[in-house]
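Take a look at this single chain, the form predicted on its own, given in structure tokens.
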């Protein structure tokens, strides 16, 4: 065999091996999953997103990689939802309230004073009613995996303490882009202003709005205490988050890959609720030390507000469907009877 021929054979073998190695490298390249969320990395949302990402990496043996992207870097909830529906983004976690325009049944979770405590919320969200509402998302191009906890929402503002319903009069209150929240706070006397969460801190700082309503954890992690003086403990709405997947993308996964994501979501769900509740228990004390004046809304005033919202309740029932509304009320009666 001539030197030239040996050289050609060697070059051919080398090229074949290089091509094979490149193909092999492509085969083992991990599946990248962009997981967007609104709060910062140090928040309860950020911590749970990391747990989810770590669990996916471990369960998939590194074949799936979640890139958790916080601080609304991929846009507000509504923008990410549309990106998921179109298949331009894989996953996100966000408020159920911003999904109402996509799946009307999600408005059930916006009902003011629906839950008395977290146990009632857990039982309903994780039970048949919560699953039924979650499954409705698939018709709209989304897959709901699990509910996380945002928590009971409370009022903050820069003008005055809210001790009674009349104290809301004239307060420019940022609310989510959601008709139930808009109608509820307008009915209670506030000047409700719909606004994306990503714009909120700046709006509070410039006095574009006077106040907002969110759980303790969000008030603390978003540093609203820097631009808000008064916090009123109202517990007016229990606010869930939901982990979403693009159905267009989900349908292209293998059953094993879908199971990895579903199982990791369950792990993150358990971690997130525990973490959120532990943080919330400490958050009020932290907010006080940071200068916020905290007051509790009395039971009598909460009852006055509830009675004022009768029309809103009727609208929610009509919007989500009276069958679902009645089933929810009946389920809550059963849950409370078990105490």
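Positions refer to the first chain, counted from 1. Keep in mind the model is a prediction, meaning the values are calculated, not measured.
From this point on, the text means the form predicted together with a small molecule, which you will not see here.
- Although the small molecule is omitted here, in the predicted complex none of 188, 234 and 308 has a heavy atom within 4.5 Å of it.
- Contact annotation: residue 103 falls outside 4.5 Å of the small molecule in the predicted complex, judged by heavy atom distances.
- When contacts are judged by a 4.5 Å heavy atom cut-off, residue 110 does not count as touching the small molecule in the predicted complex.
- The closest heavy atom approach of residue 176 to the small molecule in the predicted complex falls within 4.5 Å.
- Put simply, residue 95 is close to the small molecule in the predicted complex: some heavy atom of it is within 4.5 Å.
- Considering the small molecule in the predicted complex, the lone stretch of 37-45, 308-316, 283-291, 52-60 in range is 37-45 [heavy atom distance within 4.5 Å].
- Proximity to the small molecule in the predicted complex, taken as a non-hydrogen atom within 4.5 angstroms, holds for one residue of 246, 154, 157, 150, which is 150.
- Here is the short version: of 221, 89, 214, 228, the single residue with a heavy atom within 4.5 Å of the small molecule in the predicted complex is 214.
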